[in-house]
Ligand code: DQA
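The chain below stands alone and is given as structure tokens, in the form predicted on its own.
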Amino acid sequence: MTDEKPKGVSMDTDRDDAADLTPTVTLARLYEEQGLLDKAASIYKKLLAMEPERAELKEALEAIEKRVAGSTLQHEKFDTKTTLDHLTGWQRVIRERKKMLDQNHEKRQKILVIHGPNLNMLGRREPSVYGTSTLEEIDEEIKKTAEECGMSADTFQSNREGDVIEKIHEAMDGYDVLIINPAAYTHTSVAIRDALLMLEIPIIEVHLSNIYRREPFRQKSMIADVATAQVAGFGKEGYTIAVRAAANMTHKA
């Protein structure tokens, strides 16, 4: 057996022609030097099949197999590290995004909506005048519209004048706009008027019906000259109109 490369054989590494070459140690080493470890191992295996007692062939084959195993392990470690790096990166992006969303949420301007007496009975109370929608349905529309406008809305209803006044006091801190339908208190409550006078935020007065086309005593609003704006006669849509108007007011500020 000779260790010389057969004459006329071209070492074209782009062709898988190891099977066509006479297996020699020189050929195996050439493949090994070029990094073609699988082909080098194949040559050594063929040589060992012909001369199983040659210890140096066994050692050479074992060395190559260790190199192949080490390369595979290193690749697996690289893949694991790369995957972990990607996951860590995504977690960082997600944390930053959540932080930004939380900050935006905190910065969102807030609307307080106050419903006066008997409005909890909407849907059952004179539907020909006040419509068939319930107060719960109206509140859902208010909050949905506020979200669409990049704001948030809290709603409140009470049949007691004192509760309405205390809620107005709460609007002094933490709210950017007050929308109020005082209902019957519109025409009678000096106390609610005085509470509204303490506010430095926009106030939008809302009425489901057009109070100026109703009984004479309903045509007088105690808060009309205190309110920034008034929406009347649009039914439940008056609230969503007021919310959009609130958004315009605060965005211009």
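Residues carry their position along the shown sequence, with the first being 1. Since the model is a prediction, treat every value here as computed from it, not as a measurement.
From this point on, the text means the form predicted together with the named molecule, which you will not see here.
In the model of the complex, at least one heavy atom of Ser209 sits within 4.5 Å of the named molecule. Using a 4.5 angstroms limit between non-hydrogen atoms, Thr145 is distant from the named molecule in the model of the complex. Of the heavy atoms in Ala184, some are within 4.5 Å of the named molecule in the model of the complex.
Heavy atoms of Arg218 reach within 4.5 Å of the named molecule in the model of the complex, making it an interface residue. Annotated contact segment (heavy atom within 4.5 Å of the named molecule in the model of the complex): 124-132, selected among 124-132, 152-160, 87-95, 169-177.
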